[in-house]
Each structure stands twice: as C-alpha cells, then as structure tokens.
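Here we start with a single chain on its own, the form predicted alone, put down as structure tokens.
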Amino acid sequence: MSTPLSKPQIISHIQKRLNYTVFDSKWIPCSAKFVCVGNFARGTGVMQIYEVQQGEAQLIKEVEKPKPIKCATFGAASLQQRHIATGDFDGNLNIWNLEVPEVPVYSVKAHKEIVNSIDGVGGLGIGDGAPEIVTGSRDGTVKVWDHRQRDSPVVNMEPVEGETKRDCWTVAFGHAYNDQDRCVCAGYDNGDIKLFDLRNMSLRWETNIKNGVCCVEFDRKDINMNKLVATSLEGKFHIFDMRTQHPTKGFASVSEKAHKSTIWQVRHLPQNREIFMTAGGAGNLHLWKYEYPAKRSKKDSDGVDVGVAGTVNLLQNVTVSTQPIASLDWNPDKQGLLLCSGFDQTVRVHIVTKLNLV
C-alpha cells in the first residue's frame, strides 16, 4: 500500500539569501561546491562560488563582471579542469577557470544580443566526440562552438533571408552516442521546437506547441535519442518519444498541464532518466516519473512505424518560494541533491529522498 511517507519527499536543506538577481546556478562536478551567476542592481555581472559545509553554504569567491551573466554550463569541461562556460547580456560567450576567475580562458562575441541559453557536451565523460558548446540568443540564431577554434562557430543556425527572427529561449544537446552523431534542440518564443542534426547539417524535425518554449532537455545527452521534454509558458510540458520518427507525424508525445503558471525549467535525474523535476513561475517544484507504454511503436495503416507515447505520474510537489524558480541542477554525484535558485534572490539546496524506490 502506498502511504504519503513512502513517496519521495523534497526537504529543504540550505537557503542562502543573495544581494543580486541570480539567473543560473550549477554544481561544480566532483565537489560539494556550486556556482551562482547573475547581475547586481547597478547593472554589472557577478559570479559566486559557494561550498556546502555542515548544512551551510559558505561563500568562497566572488568576482564582478562588466555584463550581467544569464546562463552557465560545465557540459564541455574536462573533469580535471572543470571550466565553466557562460553567456551574458551582451552576447559574449566566456569560459572561466574557477581557480582564477578574473580573466576568461576563452572569450568570443557569440551573438548580437543576450545569450538566453547555453549547453555543453563532450565534457565530464558525457557524450562522445569533441567538447562543444551551444548558445541560443534573442538575435534568433543558434550557434555551436569548439573552444579550440577561436573566433568563429563550428555551426551557425539562423533564419533564412526574409524569415522573421524568433527569440531563441532554450537549447540542448542530445544524441551524442558516438563520434559522429550529435543533435541540438532549440525552443523559441513562438512555440517552435527545432531539432538540428549536426552530422548531416540539416533540420531533422520541427513542431510547434502553441506557447513559448521555456526549456528543452533530452533525458540523456550521450545515448541514441530517447525522450525530450519541452516546457512552456502556460504551465504545460510535452514529452516526446524520440525513438520512432514518422515521416509526416514526427514523434509521438504526451502533454501534461502541471503548474498554474510558466514552467521555467526541467531537469532529468542523472541517476535515473525516467525521473525529472519541473520548476514553475509560482515558486513550486514538481517531481515526475515517466512510464513507458507496453510497446513503444506500432504500424500505421500504411505499414510505417509510428511512435506510441507513455504516461507521466506526479511523485511529489512542493512550493519553496513566492517567486519563479529560474534554475535547477541535480548533483551528478550525490543522488537526490538538488540546487535551485529563484527571483527572490535566494539559492536553495534540497534533498529529495527515496528516489531509488520509485
């Protein structure tokens, strides 16, 4: 029998008030430290490093930057160096050595406008192939960068001449399961989701979910595409089964109206790809589990394979803030340790229990 106590619980462990607006926060791999980035009221950027010690977050280092920092990723860093890549309000992509974060080890003017989203692959032992970074911007372009190639992107995906430029809100890597294959998924303010195949340099698939796409994430970056979650403005999220692509219908999907407000973020648990957390504009966290159907594909009337979507179950939900939760990050090493930050200028560490039992 399922009792309330047998379900996973989301327990508040640390709350740390900050004196700036925090946009993103990330665990530093293989450590008990995390990084917060954002902007001061005076219009400058800030990067802080904290260490978790005896139930407290101790500030280790703080550096001020000329421009507010919007997003950050360790995805293209080696486990030895653990360099963090950031995108700022001025369109710059910088890579920082956190031991000496005063000067970037790599810097490029990536976009004409703010970098809304960043993701990395090929680092931390996740994903085969070269370490690469993808950035999405308000200027409508999505660009892939290799820090070994200085000034120009490896790939530049932009609207064709005459096409209206849409604000790109979110980008994510996936399908990096061998040296050649790699995909980038991008979500836009008009509800477009585009899947770019970097091996064939082509647009593999696109759809529209009729609402601005706030966040997209594959359940794993380093496997043959399995699932993709996309969250949107009106409190809905969509899960696409990426294993079977129909020539006309595309990928099968299931949608869930979860929050009463925007779903800002989605993050899959590193230790179990069927479990993921969504964060909402009303300051709430929802923990979900995806259940596969009995058969993931079937034949349509023409004998062509078409995907079958599964179901999604709510495991637990909790309200942690009165303001939107803008960033989420699971600790890659310690199952259930969750870092989140919101527009109430607070960074929080939560412990999610019983994840090994669901």
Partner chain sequence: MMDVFENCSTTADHRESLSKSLDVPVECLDYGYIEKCKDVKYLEKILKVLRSGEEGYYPHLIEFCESHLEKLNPKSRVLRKANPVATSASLGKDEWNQIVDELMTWQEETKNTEMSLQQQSTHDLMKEIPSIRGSTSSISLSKTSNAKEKGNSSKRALPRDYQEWDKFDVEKECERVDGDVLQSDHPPAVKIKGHAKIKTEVDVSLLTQQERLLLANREKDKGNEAFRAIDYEEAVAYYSRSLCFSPTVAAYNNRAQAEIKLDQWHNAMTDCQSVLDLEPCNVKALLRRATVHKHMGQLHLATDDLREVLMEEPQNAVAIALLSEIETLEENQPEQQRRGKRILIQEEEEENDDSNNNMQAQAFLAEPSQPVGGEESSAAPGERGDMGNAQKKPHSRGDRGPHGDASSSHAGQWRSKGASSDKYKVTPHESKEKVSNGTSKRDSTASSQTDQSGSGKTTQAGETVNLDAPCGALPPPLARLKNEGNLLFKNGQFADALEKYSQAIQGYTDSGIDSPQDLCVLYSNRAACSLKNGSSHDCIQDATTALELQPFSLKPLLRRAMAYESLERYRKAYVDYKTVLQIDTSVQAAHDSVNRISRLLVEQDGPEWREKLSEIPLVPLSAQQHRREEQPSAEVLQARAEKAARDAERKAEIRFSALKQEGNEFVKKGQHQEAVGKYSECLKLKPEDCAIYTNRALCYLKLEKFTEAKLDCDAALKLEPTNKKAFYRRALAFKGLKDYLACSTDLQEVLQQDPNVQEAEKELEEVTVLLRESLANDSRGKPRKTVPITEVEDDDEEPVAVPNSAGSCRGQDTTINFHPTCSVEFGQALNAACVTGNTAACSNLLASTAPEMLPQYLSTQLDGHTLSFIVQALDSHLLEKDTNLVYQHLNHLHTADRFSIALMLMEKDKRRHMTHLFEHLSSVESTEFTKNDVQNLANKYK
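Residue numbers count along the first chain shown, from 1. Fair warning: this is a prediction, and the values are worked out from it, not measured in the lab.
Quick note: we don't show the form predicted together with the partner chain, though the next part is all about it.
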Is Asn331 part of the interface with the partner chain in the predicted complex - any heavy atom within 4.5 Å? yes
Using a 4.5 Å heavy atom cut-off, state whether Glu113 contacts the partner chain in the predicted complex. no
Please check if Leu233 has a heavy atom lying within 4.5 Å of any heavy atom of the partner chain in the predicted complex. yes
Please tell me whether any heavy atom belonging to Val103 falls inside 4.5 Å of a heavy atom of the partner chain, as the geometry stands in the predicted complex. no
If we check the partner chain in the predicted complex, which of the residues in 286 to 316 reach within 4.5 angstroms of it by a non-hydrogen atom? Trp288, Tyr292, Ala294, Arg296, Ser297, Val304, Asp305, Asn313, Leu314, Gln316
